[in-house]
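The form predicted alone is given below as one chain in structure tokens.
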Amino acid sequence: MTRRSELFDDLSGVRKRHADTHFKGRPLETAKALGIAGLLAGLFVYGLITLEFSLGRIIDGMGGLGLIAGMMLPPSPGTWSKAVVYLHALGETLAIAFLGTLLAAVVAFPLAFFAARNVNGVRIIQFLTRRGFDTIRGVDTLIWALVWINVVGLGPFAGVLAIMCSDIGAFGKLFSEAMEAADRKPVEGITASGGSRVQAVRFGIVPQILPLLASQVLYYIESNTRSATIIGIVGAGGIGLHLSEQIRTLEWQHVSFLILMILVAVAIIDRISSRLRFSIIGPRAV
């Protein structure tokens, strides 16, 4: 008890001695926090009003949702020939996701060196490269799909180009940030031993970041499987085209069968990518 009272006495003494310095900004910080919280609350309420959010409409629609869910059971492709067609379309979707992601990584990797501050010392090139990545990343995959469909026509080729363009911006940002976060000691060691700047980057930075980059690419392959499904709805090939057609014709059992196929494929890809990440960078990657 004596020790605890001494600690409290010391704390009160510190507060008295430093009342004009350490504790002076607390009311201001509290006011800022309350102001930010009020602003966010106001934006939330404004969004609810502007978007005509209605809990009653959700409750009224639950009956329709239950009716659709009932019509989706049991999942069925209809005929074995359609099941084969759907399976081929799913393979096409997986190929779009894999090839688009891989091409994006191949293009973004060398460009990321121009955007990394610890690799490229020319500020104007850093700025232009980063803003280029921001511009590309700011356009959604679905918009890229609509653009490439008008350029190269309908089909999976447009889907591959759409995912590639969308992911170049994302990979460029992630890769360059990984380079900037790399440990500087190996680079300094290579430079101190007489190595050139290129050798310092090649042997000091690249080996550190490759496992992380591989993990990011694997995750994007999994994520782009879902994106490839969406862009297929607008005509970029894959299983999304069949999904859109079955929804339009109200073939709900076929819709549930297609959704089930997509879920199984994503689960398998997730499992495979987790295993690969584990083998590349160890248990912390999973």
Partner chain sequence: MSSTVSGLPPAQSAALLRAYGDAVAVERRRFALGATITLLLVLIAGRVAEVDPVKFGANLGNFGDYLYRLSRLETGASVLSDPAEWFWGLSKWLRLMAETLLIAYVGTVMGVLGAFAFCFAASRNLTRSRLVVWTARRILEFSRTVPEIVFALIFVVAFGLGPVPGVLAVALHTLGALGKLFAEVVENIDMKPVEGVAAAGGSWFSQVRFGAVPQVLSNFAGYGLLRFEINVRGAAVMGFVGAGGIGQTLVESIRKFYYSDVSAILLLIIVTVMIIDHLTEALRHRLIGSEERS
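By rigid core we mean the largest C-alpha set that fits within 1.5 Å across both forms. Residue numbers count along the first chain shown, from 1. A quick note: this is a predicted structure, and the numbers were derived from the prediction, not measured.
This protein has a second form, the form predicted in complex with the partner chain, left out of what is shown; the following refers to that one.
- For the partner chain in the model of the complex, the listed stretch (143-151, 109-117, 178-186, 74-82) containing residues with heavy atoms inside 4.5 Å is 143-151.
- Residue contact check for residue 156: one or more of its heavy atoms lie within 4.5 Å of the partner chain in the model of the complex.
- Residue 224 falls outside the set of residues with a heavy atom inside 4.5 Å of the partner chain in the model of the complex.
- For the chain shown alone, residue 200 is not a contact residue for the partner chain in the model of the complex, no non-hydrogen atom being within 4.5 angstroms.
- Proximity of residue 50 to the partner chain in the model of the complex: non-hydrogen atoms within 4.5 Å are present.
- For the stretch 220-252, the set of residues having any non-hydrogen atom within 4.5 angstroms of the partner chain in the model of the complex comprises 226, 229, 230, 233, 234, 243, 244, 247, 248, 250, 252, in sequence order.
- Once both forms are fitted on their core, a CA shift of 2 Å or more is seen for residue 41 between the shown form and the other one.
- Annotation for residue 32: C-alpha shift of 2 angstroms or more between the shown form and the other one, rigid core superposed.
- Once both forms are fitted on their rigid core, the CA atom of residue 249 lies less than 2 Å apart between the shown form and the other one.
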